[in-house]
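In the structure tokens that follow, a single protein chain appears in two forms: structure 1, then structure 2.
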Structure 1
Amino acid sequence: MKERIAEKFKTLFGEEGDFFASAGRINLIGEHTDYNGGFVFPGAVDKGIIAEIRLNGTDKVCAYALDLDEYCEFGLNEEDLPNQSWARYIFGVCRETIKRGGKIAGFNTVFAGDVPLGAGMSSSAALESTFAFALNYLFDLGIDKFELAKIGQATEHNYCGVNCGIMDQFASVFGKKGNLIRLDCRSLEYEYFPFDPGQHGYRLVLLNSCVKHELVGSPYNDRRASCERVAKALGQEFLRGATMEQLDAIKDRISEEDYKRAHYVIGEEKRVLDVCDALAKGDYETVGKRMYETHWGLSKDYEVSCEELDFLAETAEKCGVTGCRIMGGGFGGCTINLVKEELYDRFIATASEEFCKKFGHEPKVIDVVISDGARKL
């Protein structure tokens, strides 16, 4: 990928730049909890974005998306918002950096990536973090890592229409090889947990339903709004820390839909903590159980699943897979599966065959390795 980028950069701009990279992410458990002030448990993966960048001495950004074969030029003022959606991510990062007092100027860039798009693996966070990290480095801005993640998140909010939480950008910036990270999204305290399922005879694999997950202008924002309404009815800033008893006590004052959404979120808080404890003891069976519970909570209460994802979860269960659930925002994308080494081949073969029979195409198998986040190459 790096070579292809370098070649294009040379052809387009006749020079060489610096290389920066960042990663997509998985999340073992803790879904739709980040914007509720709860816990998440993500890790960066070995699939991400690489960008070559060089300052060009103007006030314009000249950007080329190698995978799409598209070029875009834009200025750095608010009214220069580009049309292409991929360019809006870079533009948003520039704008959010400027809003935080960062003095930046124009640059040339070519970038490419291997995070599957629309799979719920945060290709957009990888793009944002790559550029937030790079601008901080190239202009020597001294912005701390949390603020880099927040620049990415604010880009989603203000330039891409997704009211997302902090998880994806956090994982993409803070990711560390071989580690998952438990983040408390209220206090922003975090802890690295070494994660090596192979050592315990397990493998982690994603199955992409290839149903395109699209969060922009999606019911994602509605889910968040539901949670905020319930938190307000409870007199809290976030749903975090609320109990099922408290929720039941206000049941008559909220809609049935909002009740279901909050029911899922409150249950998920405990599941994340359980999984962290279980993992520390090497108890992968408990990890797996909680994953299934999350899946069905996301499907029945949070209603962000789809037929294809439910089918993959049912198939996993039939095949004896330890844990399986929707990963990321939902509405399509992948399941994340924790499977015993000896069951792996049969599971993949059965899931592919059965899925194909029902939906006319195979799910895509994505093996992931937990890797480093944003960095200079």
Structure 2
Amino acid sequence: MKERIAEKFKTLFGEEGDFFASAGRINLIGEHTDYNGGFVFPGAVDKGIIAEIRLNGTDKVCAYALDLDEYCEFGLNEEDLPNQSWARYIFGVCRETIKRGGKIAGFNTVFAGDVPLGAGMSSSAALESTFAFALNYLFDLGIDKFELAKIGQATEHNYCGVNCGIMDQFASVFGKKGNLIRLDCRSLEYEYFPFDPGQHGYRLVLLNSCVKHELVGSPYNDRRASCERVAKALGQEFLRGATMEQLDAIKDRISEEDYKRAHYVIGEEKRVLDVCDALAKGDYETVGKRMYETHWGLSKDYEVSCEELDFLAETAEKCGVTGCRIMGGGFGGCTINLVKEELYDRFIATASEEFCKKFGHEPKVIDVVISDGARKL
């Protein structure tokens, strides 16, 4: 990928630049907890975005998206917003950096990526983090890593129309090889946890169902509103820290649907902490058990699964897979699977064959290696 980028950069701009990269991410457990002030447990992966960048002495950005074979030029003022959606990510990062007092100027860039699209691995966060890190480095701005993640998040909010939490950009910036990161979405405190499944005889693999169900209305916003109503009934800002006993005490004051949503979220907070404790002891069996509990909680209580994802989880259970759950917002996308080495080949073969028989296409297999986040190459 780097060679292809370098070749195109030389052709377009006649010189060489510096290389920067950032990563897509997985989230082992802690789903739909971020907007509830809870914990998430992501890690950066070995697939991401690479960009070659060189300052060009003008006030214009000249950008080429290698994978799309598209070129775009834009200025650095608010009215220079480009039309291409991919260019808005780079423009947004420039603007959010400027808003924070960062003095930047024009540059030339060619970028490409290998984050599988539609797999819920946050290729957009990888793109934002690559450029936020690069601008900070090239213009010697001294912006701290948390602010770089927030620049990516603000880019999504203000230039791409996605009201996302901080997890994706956080994982892309803070990712560390061989470690997952427990992030407290309320206080933004974080802690690294060593994660090397290979050492314990396991592999981590995603199975992408290759389906995305568009649901009428806005299912995410509905779920969020449910959680906010219950938090309010409990006299809290977030569901974070609430207990099942407290939830049961107000059961007759909330709808059945809101009860189910909160039941899942309160359970998930404990599951994340259980998984962190289990990993510290090398207890991957408990990690797997909690993953299944999360899957069925997301399926039955939170109702964000679909037939394809439930089928993959059931197949994983039948094949003796240690842990499996939906990864991401739901309604399609991937399952994340913790599989013993000796069961891996049979599981992949069985899941592919059975899924194809039922749904007419095979799921995509994506092996996961936990890697470093944003960096200069």
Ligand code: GLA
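In this text, rigid core is short for the largest set of C-alphas that superpose within 1.5 Å between two forms. Along the sequence of structure 1, residues get numbers from 1 upward. All of these numbers come straight from a predicted model, not from anything done at the bench.
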Of these two, which one is the form predicted in complex with the ligand?
-> 1
Answer yes if the CA of residue 264 moves 2 Å or more between structure 1 and structure 2 after aligning the rigid core, and no otherwise.
-> yes
Does the distance between the two CA positions of residue 323 reach 2 Å or more between structure 1 and structure 2, the core being superposed?
-> no
Did residue 301 shift 2 Å or more between structure 1 and structure 2, C-alpha, core superposed | yes
Would you look up how far the C-alpha of residue 250 moves between structure 1 and structure 2 when the rigid core is overlaid, in angstrom?
-> 4.8
